[in-house]
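Below sits a lone chain in structure tokens, taken as the form predicted alone.
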């Protein structure tokens, strides 16, 4: 029996993102389309999100324009495609505090948010540094960090320190310190609730951008994986590779079960459809009794 349905919901995209940000060392390999997505997990009387996107206003819009983001749509519009309202979301797992993942908390008024304590604390530290060190803030909206602190004031922010099992039934959090960011994390869904689940999915956040981070660029499907880390890291590429190994181990080295939300080719790997707004809904799995949101 499957406890949870999982959908990857595209809310905007960058048509031409330099591949060096996606794959370490890919300086002369051109550009790729980079979908901006969040994940919805529905089941066991919960509706949870992995990341919340950004709001296309104020400094969030400045960053979106700077990165070349197009076709932004609100959570109300995007989630309606799977029959969910933002007000129904009760839990949000923030994999890291970059603007496109942590920039829209206000659209989820009834949710409790989970983030690694190290993640939010180190961004406060980075905000305090002289401007000559601002490279570290390249993808962070300081307003998002302030809004995170206000969530704490409202008792709606839970800061976790490392791994947490069963934060919701069958859902675990795992830390990847000093990797893509100071305190990135991934989310593991054990979809039958068992400790040694055979139906496990890893939602990788930005620890893995694309399939090539796992298989290596240009690798054939039947070749052994050679991990190639994400290009952007305020920590180290070594820690990104080690996090990839830990995620792969959790799914018995079945790379199909590690979901990189920035991967355009998810549409060719899982059932998907394009909405009237030109954005993609990808259906990773369905809970028992849940109807497909991508089939006619």
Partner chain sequence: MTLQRHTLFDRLTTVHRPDCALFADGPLPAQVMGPDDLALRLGSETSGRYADACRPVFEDLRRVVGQLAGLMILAQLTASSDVSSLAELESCRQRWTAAGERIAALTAPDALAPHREQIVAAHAFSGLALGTFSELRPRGDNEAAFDVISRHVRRAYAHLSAATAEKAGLAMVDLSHACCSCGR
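Positions refer to the first chain, counted from 1. For clarity, a rigid core is taken as the largest C-alpha set superposing within 1.5 Å between two forms. From a predicted model like this one, the values you see are computed outputs, not experimental measurements.
Separately, the form predicted together with its partner chain exists; it is not shown, and the next lines address it.
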Answer yes or no: in the model of the complex, does its partner chain come within 4.5 Å of a heavy atom in every one of 173, 186 and 294? no
Contact label in the model of the complex: residue 85 to its partner chain, heavy atom within 4.5 Å: no
Contact flag, residue 148 vs its partner chain in the model of the complex, heavy atom cut 4.5 Å: yes
Against its partner chain in the model of the complex, would residue 121 count as a contact residue? Criterion: heavy atoms within 4.5 Å. yes
Distance check, residue 227 to its partner chain in the model of the complex, heavy atom within 4.5 Å: no
Heavy atoms within 4.5 Å of its partner chain in the model of the complex: which stretch in 164-172, 85-93, 72-80, 139-147 meets that? 139-147
Within 4.5 Å of its partner chain in the model of the complex, heavy atoms considered, which of 26, 241, 63, 251? 63
Contact with its partner chain in the model of the complex, heavy atom within 4.5 Å, among 34, 261, 258, 49 goes to 34
Going by heavy atoms, what in 4-23 lies within 4.5 angstroms of its partner chain in the model of the complex? 14, 16, 17, 18, 21
After superposition on the rigid core, does the Cα atom of residue 134 shift by at least 2 Å between the shown form and the other one? yes
Any CA movement of 2 Å or more for residue 63 between the shown form and the other one, core superposed? yes
Quick check: residue 80 between the shown form and the other one - does its CA shift reach 2 Å or more after fitting the rigid core? no
Explain in one word, closer or farther, how the Cα atoms of residue 66 and residue 102 are placed in the model of the complex relative to this form, where the distance changes by 3 Å or more. farther
Relative to what is shown, are the Cα atoms of residue 97 and residue 63 closer or farther apart in the model of the complex, where the gap shifts by 3 Å or more? farther
